[in-house]
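Here we start with a single chain on its own, the form predicted on its own, put down as structure tokens.
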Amino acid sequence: MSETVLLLGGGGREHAIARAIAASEVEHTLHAIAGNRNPGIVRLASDFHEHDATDVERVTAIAEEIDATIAVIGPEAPLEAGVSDALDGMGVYVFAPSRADARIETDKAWQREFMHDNDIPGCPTFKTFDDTADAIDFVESYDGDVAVKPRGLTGGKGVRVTGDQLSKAEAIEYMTEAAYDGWVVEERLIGEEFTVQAFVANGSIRVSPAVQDHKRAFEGDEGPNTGGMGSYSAPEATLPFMTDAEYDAAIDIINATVTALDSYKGVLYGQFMLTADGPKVVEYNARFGDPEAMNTLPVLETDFLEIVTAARAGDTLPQLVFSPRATVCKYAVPEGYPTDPTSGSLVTVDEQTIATVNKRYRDDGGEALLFYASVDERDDGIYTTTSRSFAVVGLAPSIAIAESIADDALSAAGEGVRIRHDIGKADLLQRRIDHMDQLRAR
């Protein structure tokens, strides 16, 4: 049986998913739907449909037209819009959660209350508020620093942490001016963040190596939060600042969460803060991370579509095999990102430079991969949108070599983009290690 796969989304994460699907030995054709014409996905897909992926009526019409058998949803907005439910209802197997289960991401208040009610470990102290004035009163009276989170989706840019990014007065000003319905206010977690992504179906949970994302816009972890400026992973499942036991504790939290959700399928992304007391849940996402998908999928040796078809058959998911290589991902973003990004500028990417880098590092077991993200391909070139433009991922036997590959490959970037070059560098990694050593010693 030949599969007809429908991929929703047009970012770097979706380019990584498209690459994993295209490499499958399962006979298939790939179709994609996105609001922007991502040239990386266009090259891999049999057909590219330029439409809003949250438009349920249009998405289901395309699925019916192409006789889709499988759908993979990349971003969170279509999940909240109910696209997964609509496709499931017409007989397309969707490797993504239902709208109800996706609340683990789309409704932060529901997520925290769910964790509390089901005694899931790793939940910080929190309170939820429907009224902004009540939330502000609580922040003012709270003895200590807090994280303030809008209840709904914010593209990874809505959280503010006092004592780190801003003062309590500035947090209250932010809450006063922001037009969000509902808030979660919780204790500030101190430690090092990391992510574990899990494939989930039929009670099976298959986890990936840990990844560390870098949310802050500028080098040295300065500036506002972004959707993620880049990320890295190690050749093993853990990260340099983490013990095996701490990684296992995070997996235990994911297992408890999936058990409580009962019917969850798709990818569950756990974002954790490794504290002196072990991992705590910062948040859950109901899909692959971006950029973390670009770290995890290139080292996944298990056939992606074989995982999905096993899920559809009701089978236990296959054990996942990952290549023992480190990855370092660095994004090129428009000037002004994330607060005032320049859009509509021509993006220049010299792909021959990346090919040259691959030749240079081949004997070291390394390679560079290019992933296009939120760009729009037109007849006369590729143009920026208001989000991240493209990413380069270095893969190698060590983080140090992977970082060098990514940095060298980024010489392919033309003008008008900005890059955090410090991601994956030795001094930044050592700061993470020293930080956790200090926390554990207290």
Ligand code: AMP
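Numbering starts at 1 and runs along the sequence shown. Quick caveat, the model's predicted, so the values are computed rather than measured.
There is also a form predicted in complex with the ligand; it is not shown, and the following applies to it.
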Inset, instruction - Would you mind picking the one in Met273, Leu300, Ile354, Ile205 that has a heavy atom within 4.5 Å of the ligand in the model of the complex? - result: Met273
Legend entry - Among the candidates Arg188, Lys127, Arg103, Arg325, the residue which, in the model of the complex, approaches the ligand to within 4.5 Å (heavy atoms): Arg188
Inset, instruction - Classify Ala147 as contacting or not contacting the ligand in the model of the complex by the rule of any non-hydrogen atom within 4.5 angstroms, answering yes or no. - result: yes
Inset, instruction - Check whether Arg151 has any heavy atom within 4.5 Å of a heavy atom of the ligand in the model of the complex, and answer yes or no. - result: no
Legend entry - Ser345 within 4.5 Å of the ligand in the model of the complex, heavy atoms: no
Inset, instruction - Considering only heavy atoms, tell me if Arg312 and the ligand come within 4.5 Å of each other in the model of the complex. - result: no
Inset, instruction - Would you mind picking out the stretch of 180-188, 335-343, 84-92, 254-262 that comes within 4.5 angstroms of the ligand in the model of the complex, counting non-hydrogen atoms? - result: 180-188
Legend entry - Partner contacts in the model of the complex for 282-315 (non-hydrogen atom within 4.5 angstroms of the ligand): Val282, Glu283
